[in-house]
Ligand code: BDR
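Only one chain is included here, represented as structure tokens and corresponding to the form predicted on its own.
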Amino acid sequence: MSHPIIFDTDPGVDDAQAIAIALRHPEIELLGLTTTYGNVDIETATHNALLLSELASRDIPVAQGAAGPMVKPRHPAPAHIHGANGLGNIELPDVRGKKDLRSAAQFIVDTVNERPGEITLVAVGPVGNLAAALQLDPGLTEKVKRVVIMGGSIREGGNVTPVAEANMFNDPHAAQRVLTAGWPLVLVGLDVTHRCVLTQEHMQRIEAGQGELGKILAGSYAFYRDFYREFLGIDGCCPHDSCALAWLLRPELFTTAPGHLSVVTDGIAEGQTLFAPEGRGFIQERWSQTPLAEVCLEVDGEAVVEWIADTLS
């Protein structure tokens, strides 16, 4: 079974790993990469997306999108996590390719309309491009096959604030729009991505299997691992964005639950994802009035990182 996907990304280190999977996996048909600010600024994101495709010897359309949040001021990119260039500050070769002339949102709308009912949107950064695509074509909710979002946190707490995951915090207004749009949506958040640790041994297998791209993945991984060791005390890194693709291709490794999502847009809890399980009553109905979505709550983390390493080695 082939999964035609558009991959919406802000290529830092874990994005690069996921893009490598999308380029490599025989069951994924990668129709395009759409870029957003987040881990890096928008020009760097687009440069890295073009570069990773070229290193894999693939000619994949890259459409540039959101340069900042819909409403709130933009926070600086987290250079201490992904490096100023998004790939651990390693030296990068020049890029030959050019980005698509369309915006990311227009690219999403055009591509989905060419193949209604077939395409899955996989978004692993702030979701402004998906929100903008809904502005251009509200009917997208009926035309996509599925939307898989790496972001949010139900029980785990946050990673950039006590309650908010980075992608949701970076653009909570876009996230509120996208998570409540009523399309078939799965949220792959910190509850599962923090259970997956990609070790140095996994990375050695990946480097050996990926040629030119492997050098970039391994070099950027070393920088990212240092951050994780210092801040979370783990030896390895959480391959957050690859987990979204793992859910798409190996859903049996995850435990999900249906319910109603919303995102806090202002105040001390901005970016927090709220989840009201389906059928559960609360003191008022307001938490249960958004459309149903699926959220990932548990995962076989070892099996996921083995799948990542196997795919890339």
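Model, not experiment: these values are computed from the prediction. A residue's number is simply how far along the shown sequence it sits, counting from 1.
One more form of this protein should be noted, the form predicted together with the ligand, which is absent from this view; the next part is about it.
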* Look at the stretches 84-92, 137-145, 236-244, 205-213 and give the one with heavy atoms within 4.5 Å of the ligand in the predicted bound form. => 236-244
* Interface residue in the predicted bound form among Ala104, Leu190, Val112, Val178, criterion: non-hydrogen atom within 4.5 angstroms of the ligand -> Leu190
* Proximity of Thr36 to the ligand in the predicted bound form, heavy atoms at 4.5 Å -> no
* So, in the predicted bound form, is Thr120 in contact with the ligand at a 4.5 angstroms heavy atom limit? -> no
* To do: Answer yes if any heavy atom of Ala166 is within 4.5 Å of a heavy atom of the ligand in the predicted bound form; otherwise answer no.
  => yes
* Taking heavy atoms only, is Ile108 within 4.5 angstroms of the ligand in the predicted bound form? -> no
* Structure fact -> Across 1-34, the residues having a non-hydrogen atom within 4.5 Å of the ligand in the predicted bound form turn out to be Asp10, Asp14, Asp15
